[in-house]
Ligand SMILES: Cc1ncc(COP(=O)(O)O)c(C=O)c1O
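One chain comes next, on its own, written out as structure tokens in the form predicted on its own.
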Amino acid sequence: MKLPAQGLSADAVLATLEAYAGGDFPYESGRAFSHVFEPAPEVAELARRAYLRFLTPNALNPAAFPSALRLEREIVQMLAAHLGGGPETVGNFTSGGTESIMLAVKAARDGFTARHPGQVAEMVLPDTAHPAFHKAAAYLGVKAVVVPVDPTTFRADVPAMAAAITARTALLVGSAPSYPHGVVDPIEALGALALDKGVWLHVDACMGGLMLPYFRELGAPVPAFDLSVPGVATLSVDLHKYGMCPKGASLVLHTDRAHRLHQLFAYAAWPGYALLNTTVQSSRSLGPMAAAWAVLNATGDAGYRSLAAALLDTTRKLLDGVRAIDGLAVAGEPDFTLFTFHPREGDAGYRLADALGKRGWLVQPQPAWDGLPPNVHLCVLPGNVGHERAFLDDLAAAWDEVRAQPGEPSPRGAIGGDLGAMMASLGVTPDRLPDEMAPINELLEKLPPELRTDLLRRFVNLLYG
């Protein structure tokens, strides 16, 4: 494809974009259990107006655009107060949880290497920690030391993490909650361990940070997890998830400026302007920040508490409904809106996810791991409120269908052949993935993790032009 010889009309451009979007999942339907956090229409419209008003100003230079500094400071102050921060708490607005985590790992690494020049920093993390930590490790040259979680509760195993600490450990990681099972790690115990060993603790509260305090107010047994916990050095929280802000909007918070100093980048040894960055990005639109500020202020404490009550009620209805279906089980005791369920016997989790997909539900299949069979993951979203009965009825029908049909063997012969041919044989095209993902997931299940990871990298390399 080349640039058009002459620019297209606005109508032609928009019509083409609408056509491209025609195959996207209808997230407004209330049938998506991942990816999209859509606020009420009036809040969404306010966010769009705020975003467009600040689309062009550049957050790179707060001297030219002092609104950038004011917006960022006020957002940080609101969330720091919400998450147990004190007068010394500082932070920065980022493009998403991955960037927030990346910056926290960088700060821990640079703090460590300042004390131990020439040594490779390590971070100890549960195997349920988000892959963003492994991405940060790959980008930043940090060694990730992975520790299995408790096989029953799926929470971080604190004694096992303590045993993994060495003289090279710079950082411990805990989640609030972990994505796969929706449980909050024992942050208080991890904080005490971090203080005892003289290392940093980062809490990944990207999913739960904004809502968990409200869940606690509503009577849910939410463990302590925030900046008020002794030993917590940094915390990440996404605003574009349950904050209902447009993407990308996240924060990395530090308990004090001494921690945050290691996050920053500055360079003045060249003929141009002095480059000063608080985040990975240099030039960045003020649009997401202004939109987040608008949504936070328009929703307010009462609005988020009301949303939390609705989400908690829907999550409990779904959990009770899944547990009531003969042959299905929920993994662990979820603390938040994330949970996973699976067949009590057999490995039909992938086919169950496909059967739900055929009925118009967007769910996420998860692989077998440490004794847990392939399973179905739900992230309960505001749009799901009111659709509980419809989902549970379809789940019961999907489960009856799956149980009545024996699984077909995966195309094992495709392993090791030409990747393009294998993709074609599985129904993958350059434009989209197939509707039935079970054969692909079952194929990947049979591969060692290292080979599976390499195959996925090669697959993405072919998929994107």
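Nothing here was measured: the structure is a model prediction, and the numbers come from that model. A residue's number is simply how far along the shown sequence it sits, counting from 1.
Here the subject shifts to the form predicted together with this ligand, a form of this protein not shown in this document.
*Asks:* Which of 94-102, 142-150, 315-323, 290-298 has heavy atoms within 4.5 Å of this ligand in the predicted bound form?
*Replies:* One stretch meets the cut-off, namely 94-102.
*Asks:* Please determine whether residue 185 contacts this ligand in the predicted bound form, using a 4.5 Å cut-off between heavy atoms.
*Replies:* Contact check for residue 185: no, nothing within 4.5 Å of this ligand in the predicted bound form.
*Asks:* Is there a non-hydrogen atom of residue 238 within 4.5 angstroms of a non-hydrogen atom of this ligand in the predicted bound form?
*Replies:* Judged by the heavy-atom cut-off of 4.5 Å, residue 238 is in contact with this ligand in the predicted bound form.
*Asks:* Please determine whether residue 177 contacts this ligand in the predicted bound form, using a 4.5 Å cut-off between heavy atoms.
*Replies:* Although this ligand is absent here, residue 177 would touch it in the predicted bound form, with heavy atoms inside 4.5 Å.
*Asks:* Is residue 210 close enough to touch this ligand in the predicted bound form, meaning at least one heavy atom pair within 4.5 Å?
*Replies:* No, residue 210 sits far enough from this ligand in the predicted bound form that none of its heavy atoms falls within 4.5 Å.
*Asks:* From the list 245, 156, 206, 123, which entry has a heavy atom within 4.5 Å of this ligand in the predicted bound form?
*Replies:* Checking each option against this ligand in the predicted bound form, the one that comes within 4.5 Å is 206.
*Asks:* In the predicted bound form, which of the listed residues (82, 262, 130, 387) lies with a heavy atom within 4.5 Å of this ligand?
*Replies:* Here the answer is residue option 130.
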